[in-house]
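Starting off, we have a lone chain in the form predicted on its own, written out as structure tokens.
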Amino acid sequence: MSAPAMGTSKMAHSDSSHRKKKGPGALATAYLVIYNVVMTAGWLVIAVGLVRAYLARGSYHGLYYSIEKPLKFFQTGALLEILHCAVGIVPSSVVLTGFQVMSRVFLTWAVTHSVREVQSEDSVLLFVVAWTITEIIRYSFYTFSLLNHLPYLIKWARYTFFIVLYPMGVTGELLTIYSALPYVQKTGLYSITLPNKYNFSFDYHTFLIITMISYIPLFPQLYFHMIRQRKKVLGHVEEYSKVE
């Protein structure tokens, strides 16, 4: 589940305080700044590509094909975030980060790329738009945080836009997986049947159904966790504004 990648790293408040205590060295910080700038630029390219394709075609149908290559490249590039956590230059859970990153990479390659029939589905555009907006905000947030110059607008956007983008992305992901089911069942994609020399079987169709069911317990937990984080990070500012 992608969880608008808002939770791919720890939230801003805890991130900032932890980084002050034990932040990455100068070289690691420089690398992370470059990485996040590149990723921000990459998702901006995807956003511009979507807008240009829409203006040229006058329709939102089939826009995926206009940004397919950069989407695959930059979403796959997020795998480095797992490595960042593993080596300790980013103070986040390797398991949580790995789960969230791999869920998107899985949807990008094992579903959308592998089942070409779903690429024209509106549901694909739904999660692509949600991911694109989320990642532009997220990587911008990390970049400015590393530079110790975080504009409040970006901070506010990171802890506010997910309210709509998270359900939007999850809806698109689920509908895309659902659309892929008939094609997977028909072709036996990635499935392994018996008998074989390894005496092992795997049904990809069933695996996708289980994946969809897993959203039921995971989505509410992640979503309301982010709601609580929003209150923690932005709550005191909003309360101060009311007093004023």
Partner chain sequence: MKHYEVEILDAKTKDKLCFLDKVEPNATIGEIKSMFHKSHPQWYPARQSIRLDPKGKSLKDEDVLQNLPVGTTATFYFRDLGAQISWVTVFLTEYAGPLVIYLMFYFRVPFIYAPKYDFTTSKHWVVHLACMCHSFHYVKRLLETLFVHRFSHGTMPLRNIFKNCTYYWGFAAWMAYYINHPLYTPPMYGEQQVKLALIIFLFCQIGNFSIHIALRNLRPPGSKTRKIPYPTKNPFTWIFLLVSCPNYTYELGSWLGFTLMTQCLPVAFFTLVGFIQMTVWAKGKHRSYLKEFRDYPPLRSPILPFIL
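If you're wondering where the values come from, they're calculated on a predicted model, not measured in any experiment. Residue numbers count along the first chain shown, from 1.
Keep in mind that the form predicted in complex with the partner chain is not shown, yet the notes after this line are about it.
Answer yes if any heavy atom of residue 55 is within 4.5 Å of a heavy atom of the partner chain in the predicted bound form; otherwise answer no.
No, residue 55 stays farther than 4.5 Å from the partner chain in the predicted bound form.
Partner proximity in the predicted bound form: residue 187 to the partner chain, non-hydrogen atom cutoff 4.5 Å
Answer no; every heavy atom of residue 187 is more than 4.5 Å from the partner chain in the predicted bound form.
Taking the shortest heavy atom distance, is residue 59 within 4.5 Å of the partner chain in the predicted bound form?
Judged by the heavy-atom cut-off of 4.5 Å, residue 59 is well away from the partner chain in the predicted bound form.
Interface membership of residue 214, the partner chain in the predicted bound form, 4.5 Å heavy atom rule
No, residue 214 sits far enough from the partner chain in the predicted bound form that none of its heavy atoms falls within 4.5 Å.
Select, from the options 196 to 204, 40 to 48, 60 to 68, 173 to 181, the stretch whose residues sit within 4.5 angstroms of the partner chain in the predicted bound form by heavy atom distance.
Checking each option against the 4.5 Å cut-off leaves 196 to 204.
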